[in-house]
Structure formats: structure tokens, C-alpha cells
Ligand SMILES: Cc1ncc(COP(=O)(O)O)c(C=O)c1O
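Before any questions on binding or motion, here is one chain by itself as C-alpha cells, the form predicted alone.
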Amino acid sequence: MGTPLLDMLKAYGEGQPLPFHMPGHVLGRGLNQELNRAGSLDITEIPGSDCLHAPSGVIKEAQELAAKCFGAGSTLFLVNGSTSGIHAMIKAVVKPGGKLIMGRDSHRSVLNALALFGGEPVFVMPDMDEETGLTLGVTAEAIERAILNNDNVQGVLLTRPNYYGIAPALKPIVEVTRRHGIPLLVDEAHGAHFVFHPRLPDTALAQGADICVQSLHKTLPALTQTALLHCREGYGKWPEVVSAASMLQTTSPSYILMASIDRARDLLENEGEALYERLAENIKVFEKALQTRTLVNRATWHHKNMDWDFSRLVLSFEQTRLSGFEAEALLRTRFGIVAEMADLKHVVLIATPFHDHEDFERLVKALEELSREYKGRNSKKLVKWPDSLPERVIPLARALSLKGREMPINNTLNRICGSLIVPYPPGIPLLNPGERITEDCLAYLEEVLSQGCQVHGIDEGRIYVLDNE
């Protein structure tokens, strides 16, 4: 164990060097007071600092320590976020013209990768939870049907866990993909912490996934843009993944970001179980306070072949007159409590071991006040995310090359969408280029826009549609 990368940076600065190398701030001299300390650790590839694209020293050692910690055969550090890892594993697996089976609840970065590398998506609808209207993940049966109904399938990509902490079992899907000789890729961006406590879901690698990507910055004490790309022991295409990652990542990786990966791994490896045990106790007290002092409920799931992340707080405001979007705005503007995201019914908060009892008490007091002020039920029937796939009229690659024009949303029914339409967060496309715009999609857009949700791909109430069908 240890922190070889962070130790190297400390030792370099303590040696009082006179740098005539990048970056131009000269170990923080040119930065203001707030950034100066960070600048003292901000160096470039010099003798002894190793190189991310051909590691043989401290970076190699740090990556090997990460692989051992997270149960991987091999691990790469990512400084361009999980997006770069998703792009790398898709480039390595899906060749031009090839198909990638993917859950419809996949992040927009998956579609962007297919657009860049000439692949074609085959969407599979996830199961839905009837009570909450949230996605529960894709079943093994649905994956197998998609494989049998399509030729030239070169990979399967699933998102696990989703934004709500729902983590379906992967072992039945691994059995299907292995039987058909197709690699299973997992976007585990929200599950980097799973390995550190027995009450958290099993990791994708532990259940047999071939490659997965994790965002350390989402749930662990690491800086934004830090992520890890893992493969299982013995995965044969790993050299292609490494090559793709080298093409896609910056050639000037931040040593501050890589050192924060190193330090986060070391801290959680040594203290992670105790830290998450303390968090579990704080959440237990918080849940009791919710039940006795507020009208807000915590959504939980107990479905077969599915686990969920106890640190993800999904709060339902159905017993109040507030939508999730309205509750999020009030928490932020009146109480200074900033949630991760909201939807029509819920507010989602990411709890970590670095939240303490006082933080949860402050949250409960805010929810208690909102419960008193907005007591009652919202009589308006909320529109759900469409439960069927829009018709794909034009292949993705061709749709991206066609000309189009912007039209007002209410004039686009049955037109062919020309861009990604993505409520953000969670960043899951509602419509993709080449798909027919349906009444269900327009109804959902109207609802979330009326609630103040940001939707990428809509410009002043207009959607880009294709001229040529």
C-alpha cells in the first residue's frame, strides 16, 4: 500500500527545485493565493515523474495498487473522466459498422462514442419499478433476445448502478454474453465505492464483467475528472483498450488529479469499511427522523436479482404539494442544501463518509419545514418517462450526416430527430438522432421543461429535426 504518486510530488517540491519546465506558473508562483498550494504539486513529465501513456515508475506502481484494491486484472488512471473510459472501451470493442447492445438508460457519452467510431446502437428497454417509475436495469432475457435478433453484435454495455443507486445482478447477463462470445462493458461510474463495504452491491468485476469504468470523483474523495478503467484478469483485448485510452486522453495529464486518485485509493483501502459503517449509522438515524418528523419518504427497492446503494438518498415528495424539481430548488435557495439531481417526483442526494451527523440533521430540519409548509398531495398526474422505444428511422451514423433545421417543439410530432435530446442530469437521452419524435416524448419534454429541468438539445423551445427522411 502507500501513495507512490503523491509521495513523488511531495518529495519533488521539498527538494526546492528551480523549474524551467511546464507548467508556466512555476510550481504555483504565477497563481493567486487560492490556487498557489495546488500549483506546488502541479508538474509535467520530468525525470522521476513517469508518464501516463507509457508508465514504468510511480504511475505504474500506483495503477497496480489500484488494480489490486478494486479487484481488477489491470487498471488505467483516467484524467478525462469516465467519459474517456467509456469511449476507450467502445473503440476497442466496436469496429465501424458493428453493433453495441445497450440499455436505453445509458449515458449520452455512449452514443457520442458510437457516433465517433462508426458503431450502431441496439437499444434494450430496462424494466421499470411500478411504484416509483424508475428504471431497474436490463434483464438477461432482453439482452439475449437482442443478440439473437441482430447480426454483427460486437459488445453489450450496461449502466450499473444508475443515478438512483439501483444495481441489478450482472451474473445472469455475464452467462449470456460469455455463451455468445461477446464482451460485457459496464458503466460503473457511480459505483467506485462498492468494493469498500460488504453492505454495498458487488462490483461489476466481481460479477464477471470484462471491462468497467468508475468515476472516483462521484463518490470517493478524489478531484473532479478522476476515474479508473478496469478489466478482469485475463481479458484478451486489454492492449486494445490501453491503446484507445492513450489516443483519447490528454498527453499532458494532471499530476494533481492522478495524485488524488492515489490518495483516495489509499485512504479507502485502509479505512473504507469503518468510514462507510459510520455513514450507514448516520443514514439509519436520518431515516428514523424522516419517518417521525417529515412527510418526505426515502425510496428503497427490494426486487429479486437487484441490489441498491445504501449511500444514495432518493427522497420522494409525493406526500407534499412539491414536485422533485420544486423541492430541489427550495432546498438550494432557502436552505443552502444542494442536491445531486431531481426528477418529477424525487430529489437525489449523494451521501459519503465525509458527511457527518450535523449535516443530516440540517437536512432533516429543512425537510421538516418544507413538510409543514407544503402539506398535502400534488393532485396533478405526473408524466412518466416513455416506456417504449421511439422508432429508429435512420441509422445513427447516417442521421448525423444529414442536414436539418430547428423547429418549435410543438411542431415536431412524427418528425425525425436530428440531435441528442437529453434531460440533464441524469444525462440519459430521451431522443437520439435518427429516431421518430413521439407523442409520449413530447409530453415528457413539456412536463420537465415546465418544471425548470435543463434539457440539452433544445434551444429556445426548438428541436433540430432532419429534412431528409
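Start at 1 and count along the sequence shown; that's the residue number. Predicted model only: the values in this text are computed from it and were never measured. If you superpose the two forms and keep the largest set of C-alpha atoms that fall within 1.5 Å, you have the rigid core.
The same protein also exists as the form predicted in complex with the named molecule; that form is not shown, yet it is the one meant from here on.
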- line: Given 185 to 193, 258 to 266, 385 to 393, 200 to 208, the stretch touching the named molecule in the predicted bound form at heavy atoms within 4.5 Å is 185 to 193
message: Contact with the named molecule in the predicted bound form for residue 218, defined as at least one heavy atom pair within 4.5 Å: yes or no?
response: yes
- request: Using the partner position in the predicted bound form, report whether residue 107 sits within 4.5 Å of the named molecule, counting heavy atoms only.
  value: yes
message: Given that the named molecule is not shown alongside this chain, does residue 164 nevertheless sit within 4.5 Å of it in the predicted bound form, heavy atom to heavy atom?
response: no
- request: May I ask you to check whether residue 371 falls inside a 4.5 Å heavy atom distance of the named molecule in the predicted bound form?
  value: no
- prompt: Given that the named molecule is left out here, which of 272, 81, 98, 71 has a heavy atom within 4.5 Å of it in the predicted bound form?
  reply: 81
- prompt: Pick from 347, 102, 86, 170: which has a non-hydrogen atom within 4.5 Å of the named molecule in the predicted bound form?
  reply: 86
field: Is_shifted residue 456 between this form and the one not shown (CA, 2 Å cut-off, rigid core)
entry: yes
message: Relative to what's shown here, the Cα pair residue 427 and residue 89 differs by 3 Å or more in the predicted bound form. Does it come closer or drift farther?
response: farther
field: Residue pair residue 254, residue 427 - Cα distance in the predicted bound form, closer or farther (3 Å or more)
entry: farther
